[in-house]
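Okay, so here's just one chain, in structure tokens, the form predicted on its own.
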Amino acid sequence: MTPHVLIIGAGVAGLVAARRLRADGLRVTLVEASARVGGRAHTVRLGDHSFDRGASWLHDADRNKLADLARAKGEVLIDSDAARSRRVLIDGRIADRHELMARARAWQRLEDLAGAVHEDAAFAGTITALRSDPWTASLEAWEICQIAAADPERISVRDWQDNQLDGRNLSPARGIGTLVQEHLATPVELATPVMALDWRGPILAETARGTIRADAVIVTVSTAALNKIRFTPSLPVSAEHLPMGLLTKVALRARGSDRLGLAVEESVSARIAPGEAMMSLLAWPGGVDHVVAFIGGPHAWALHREGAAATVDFVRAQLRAWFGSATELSEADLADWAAVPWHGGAYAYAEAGHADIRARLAEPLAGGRLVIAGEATCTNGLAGTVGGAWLEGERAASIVRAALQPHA
């Protein structure tokens, strides 16, 4: 039987949309290119514990629907913000109180200067006056490369302003991917990538398993995957200026009693020089025997091009530089989302001059019968997060349900 709605992509946005529309009595076909659901929410086992290869925190938890779901299902939520301590290194030593105060002042100047910019410029260009401050390169790398997974020379400063996260960050003890897999699951056709989509009349989607005809379609894939689908007619708004950023994660498992002097939930970063690669570290998250390294932005892309071994070697070299040894850390797991063709990166950011691209790409087409939704189209400050993806799934479902009201 012809479905009322075809949903492309079984990440959080696609799963939420499918569940909502099915609950309203609509026939839904949900297809996913990979062999699992969850998208960039993916939990694996590393030793005896869970490791989130993608989304790690439920950001802005007080308005995050996934946090509500976790509580309703009795999942243990860890408030890592409350437990976390922070260590900042300068040339291998721990920064003292005065240096940390200087860092805090530099951070405030950076936020004030970038926040005062009204034109849609690139972030890097808006803080030129701060380049002589020894903390500027580190703070730019943290805010843009690590948090936004973006390139400071390309990201829109307005997009950065619009998506600075507030509120608590909670982590499900069993992982966000597990939360999604177990509590958002709904029937899906896996290993079914969509190559072409004709939306001139009835929706016709060309997939690896044949053509699917539907009355409406919701597309929830990453912007990298969106650019690979052949639309007829072409979309009026291209995702070209909403590229995928990259935040690569490397988890190492402790195999001995030596924990490199790191505390549970301790984060480590170092002051860097301009152009130097930044790596940050989270030790023993939730008390488990993992050390997780994060590398973002242009340096993550450079290591991706060199290969997985080069990325792990870089992490181990940084650990040796910081602590003199990395021998107690073994069994690495590398999460490089750029290496997965149906994702092509971690999450999207808007380029300078295109701060409105998220909203434009989200505009319904064909009278509401074609909607693009996901973390990339979220415009309420949760872009790049699973919480934002959930809200986008709800939005898309509401639009399509209204467009197909006679069927419903």
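What you are looking at is a predicted structure, and each value in this text was computed from that prediction instead of being measured. In this text, residue numbers run from 1 along the sequence as written.
Keep in mind the form predicted together with a small molecule is missing from the figure; the text below concerns it.
Enquirer: Does the small molecule, in the model of the complex, lie within 4.5 angstroms of each residue among 141, 270 and 296, using heavy atoms as the measure?
Expert: None of them does, since no heavy atom lies within 4.5 Å of the partner.
Enquirer: Pick the stretch from 185-193, 303-311, 95-103, 277-285 whose residues have a heavy atom within 4.5 Å of the small molecule in the model of the complex.
Expert: Partner-contacting stretch among the options: 185-193.
Enquirer: Could you spot which one of 70, 361, 41, 355 gets a heavy atom to within 4.5 Å of the small molecule in the model of the complex?
Expert: Only one listed residue qualifies here, and that residue is 41.
Enquirer: Under a 4.5 Å heavy atom criterion, is residue 329 part of the interface with the small molecule in the model of the complex?
Expert: Although the small molecule is absent here, residue 329 would stay clear of it in the model of the complex, with no heavy atoms inside 4.5 Å.
Enquirer: Although the partner isn't part of this model, could you tell me whether residue 221 comes within 4.5 Å of the small molecule in the model of the complex, counting any heavy atom of the residue?
Expert: Result yes; residue 221 sits at the interface with the small molecule in the model of the complex.
Enquirer: Looking in the model of the complex, any heavy atom of residue 369 within 4.5 Å of the small molecule?
Expert: Residue-level check for residue 369: no, no contact with the small molecule.
Enquirer: Looking in the model of the complex, any heavy atom of residue 337 within 4.5 Å of the small molecule?
Expert: It does: once the small molecule is placed as it appears in the model of the complex, residue 337 has a heavy atom within 4.5 Å of it.
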